[in-house]
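Have a look below at one chain only, the form predicted alone, in structure tokens format.
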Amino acid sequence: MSDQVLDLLKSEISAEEYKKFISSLRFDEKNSTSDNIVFLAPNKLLVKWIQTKYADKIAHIYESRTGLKPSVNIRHHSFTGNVKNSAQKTTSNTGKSTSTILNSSYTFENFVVGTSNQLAFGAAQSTAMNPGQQYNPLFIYGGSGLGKTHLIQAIGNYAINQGASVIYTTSEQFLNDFLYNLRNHTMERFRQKYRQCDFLLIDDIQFLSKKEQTQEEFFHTFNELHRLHKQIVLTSDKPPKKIAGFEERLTTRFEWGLMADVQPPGLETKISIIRKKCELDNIYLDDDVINYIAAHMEDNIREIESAIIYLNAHANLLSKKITIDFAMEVMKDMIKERAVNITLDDIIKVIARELNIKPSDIKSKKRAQPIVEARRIGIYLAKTLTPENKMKDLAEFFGLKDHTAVSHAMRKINELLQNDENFQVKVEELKSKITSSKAAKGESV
């Protein structure tokens, strides 16, 4: 089956991609199970790239062929000697065993904390150190690719190191496990697995929406674990009350503990994430490249990390140094300058939201430094992104006396752009957010 799946993948990607990244994969039969398929890659760079870029495609092909959608794990192995069983069962130093799959790189030490995620991070750490007490359940929610999976698995990794028994699963795997045991009349085995752990961690709980029979079973599992003061951690893309298709009694229980949201990272956090990723993977990027990625990639951390891996893979395969020109060329399909119907109101709306300033203040005569800076950025981006607007149009829109005031603002902003690298990155990120928000609404020309 594994060879057939890779052959089917070959038809979905380019021949060059298959040759560079997939052809070297080997199926690890010994460590694979019906719900966890393991492939081996010859170096760590390929492991990270294939896991990020192709694991979901492989899982989808398995599902289309078998009806079951397993986890797909890519691991490093040099293909010499026997393959070691490294993940299915871990025995802690207390003798407890845990049957789960966790990414060992997802730790609290490797998580970059910023204002957008500090509440969720602090709650996750506290939960790992004091399970079943203050925050039970811990419900972490936020958009895709912002770090929820990292935090929930960091809890699991910490707990295992402390000798606790941990079950980590996605809601989809939980559902498949439930249906399998239901069909095979082995529900007692299912209950024993999920109700006798110290930590139950379920990622993307929203996918149990409208699955009434599975929700019924999870309701009783939740109650039993909570009664025994065992720790429950759930993640979702929305807070409990906004998830449609859940019974009220479950939604209420999700709110018993603490709900912590993860917001999109700010520019400084994105830069820190890129630096941390480079440090962990021994990748060198100079400040120009780091700033370029931070300013032009959107807020999905998973996509940012994928872009770094992709960039480094190309540099290694082509024996090239990663310069800013090389990065711009390699990433041009990821970072597209979008031709969009941008209005002056669009520009003000994004700047106001990102800089936490009222749109009316930006267009006012107020002289507070943050407002003046926001107004100058608005004028600069308006001149850059809406060339059809003449100087007198911009003066009228921003409430300025005449076109000479616009020229003065442009001179000031250009001085800052030339002399302040951090300011330059901030402006580039705002420009990217403006074009991205319009393109996301399908308003590209």
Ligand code: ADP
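The first residue of the shown sequence is 1; numbering continues from there. Just so it is clear, the model here is predicted, and its values are computed rather than measured.
FYI, the form predicted together with the ligand isn't displayed, but the following is about it.
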Closest heavy atom of Gly147 to the ligand in the predicted bound form, within 4.5 Å or not?
yes
is_contact(Glu305, the ligand) in the predicted bound form, heavy atom dist at most 4.5 Å:
yes
So, in the predicted bound form, is Ser360 in contact with the ligand at a 4.5 angstroms heavy atom limit?
no
Though only this chain appears here, would Gly163 touch the ligand in the predicted bound form if you measure heavy atom gaps against 4.5 Å?
no
Given that the partner is absent here, state which listed stretch (173 to 181, 147 to 155, 344 to 352, 130 to 138) has heavy atoms within 4.5 Å of the ligand in the predicted bound form.
147 to 155
Report the residue, out of Ile371, Ala295, Ile309, Val112, that has at least one non-hydrogen atom within 4.5 angstroms of the ligand in the predicted bound form.
Val112
So which of Phe190, Phe254, Tyr106, Phe246 gets a non-hydrogen atom within 4.5 Å of the ligand in the predicted bound form?
Tyr106
Can all three of Thr52, Arg75 and Ala313 be found with a heavy atom no more than 4.5 Å from the ligand in the predicted bound form?
no
Within 4.5 Å of the ligand in the predicted bound form: residues from 267 to 282 (heavy atom criterion)
Ile273, Lys277
